[in-house]
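In the form predicted on its own, a lone chain appears below as structure tokens.
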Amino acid sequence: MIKVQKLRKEFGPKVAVNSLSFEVERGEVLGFLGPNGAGKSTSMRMITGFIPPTDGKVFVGGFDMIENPIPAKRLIGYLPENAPSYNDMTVHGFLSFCAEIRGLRGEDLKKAVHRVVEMCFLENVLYQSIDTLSKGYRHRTCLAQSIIHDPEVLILDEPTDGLDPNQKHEVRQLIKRMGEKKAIIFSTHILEEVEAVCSRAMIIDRGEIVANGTPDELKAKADRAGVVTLIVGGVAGSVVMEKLGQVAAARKSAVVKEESSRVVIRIYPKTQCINGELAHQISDLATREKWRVEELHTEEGRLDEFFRSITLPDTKSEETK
């Protein structure tokens, strides 16, 4: 549904987006991640045809956004950053206006407005003027206009910005449901949203793609992914460390904390170690040595940890500290 080929955008001497290429299929929710100034919003503006690229191509539903923009834009619902609206209009009036722009008339228009009001929980403010709305309701009104025509493609820039925790949950669930039938790109700084909603995540830094994969795949690349924490009571740390040297799946071990009654040790897996193998070997060792194990668990890896490691190249990994 979305095909981006070598997309580039220059603002004078500054290269905001550099040779971006990716695809998004129907039924896929792509999380667009990156630090401020990475090029996320600029990329979204080019994909929607809001600004032209310096170079490269965008196809939406098979239509070239530059050569054939009208049919391409008909397929898109767009929630831009700081989405504009008409403050003197009521929510109902604004949504009716947006539906009419999208070519809806009569009963179809009424049904479309009713549908998005329910989806975005706007019943309580339907006849309020937009300038009286809270930031959260204003943002939901702008989200409603982006889906008024039931588009096949959704481009959402920070769709939960300004919402309270309950509203964030509602919008995430809405995006997840719509993502079953639509192709969706949305940018966010909230990494838990990516894990909750996205089928795939892409990290952009300095205008280039630096990581692309499912949330689980990206988490597995974090420094702490697969690391085993072992807490043993009644045994000296030096004794435990010596025995851990016999564990085939362990690359190295380090004492994190040692007290008179217990020791906390972190064990790093070898690259080729498959899921759970290191923990199993350590558990077998503890059983043979009759250690009093107080805790044994494997780190899954965290998305925020991987995000920092890949967008802050000078940051030392946890492993090398």
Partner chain sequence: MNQSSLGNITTLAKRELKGYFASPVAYVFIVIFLLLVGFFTFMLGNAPFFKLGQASLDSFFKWHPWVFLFLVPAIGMRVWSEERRLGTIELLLTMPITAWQAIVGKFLASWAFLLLTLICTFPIIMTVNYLGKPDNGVIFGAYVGSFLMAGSYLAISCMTSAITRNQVISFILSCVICFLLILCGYPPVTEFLTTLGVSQSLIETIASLSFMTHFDAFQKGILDFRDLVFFFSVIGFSLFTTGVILRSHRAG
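Positions refer to the first chain, counted from 1. Quantities reported herein were computed from a predicted structural model and do not represent experimental measurements.
Not on display, but discussed next: the form predicted in complex with its partner chain.
Asker: Consider the chain as shown here, without its partner, and state which of 264, 296, 285, 51 has a heavy atom within 4.5 Å of its partner chain in the predicted bound form.
Answerer: Of the candidates 264, 296, 285, 51, 51 is the one lying within 4.5 Å of its partner chain in the predicted bound form.
Asker: May I ask you to choose, among 237, 233, 162, 80, the residue with a heavy atom within 4.5 Å of its partner chain in the predicted bound form?
Answerer: Result of the distance check: 80.
Asker: Its partner chain isn't shown here, but in the predicted bound form, which of 184-192, 68-76, 171-179, 241-249 has heavy atoms within 4.5 Å of it?
Answerer: Stretch with heavy atoms near the partner: 68-76.
Asker: Tell me whether 9, 85 and 100, taken together, all sit within 4.5 Å of its partner chain in the predicted bound form, counting heavy atoms only.
Answerer: Yes, all three are in contact.
Asker: Can you work out whether residue 111 and its partner chain are in contact in the predicted bound form, taking contact to mean some heavy atom pair no more than 4.5 Å apart?
Answerer: The answer is no: residue 111 has no heavy atom within 4.5 Å of its partner chain.
Asker: Test of understanding: in the predicted bound form, would residue 135 fall inside 4.5 Å of its partner chain by heavy atoms?
Answerer: Looking in the predicted bound form, residue contacts with its partner chain do not include residue 135, since no heavy atom lies within 4.5 Å.
Asker: Does any heavy atom of residue 126 come within 4.5 Å of a heavy atom of its partner chain in the predicted bound form?
Answerer: The answer is no: residue 126 has no heavy atom within 4.5 Å of its partner chain.
Asker: Can you tell me whether residue 196 touches its partner chain? I mean in the predicted bound form, with a 4.5 angstroms heavy atom cut-off.
Answerer: No, residue 196 stays farther than 4.5 Å from its partner chain in the predicted bound form.
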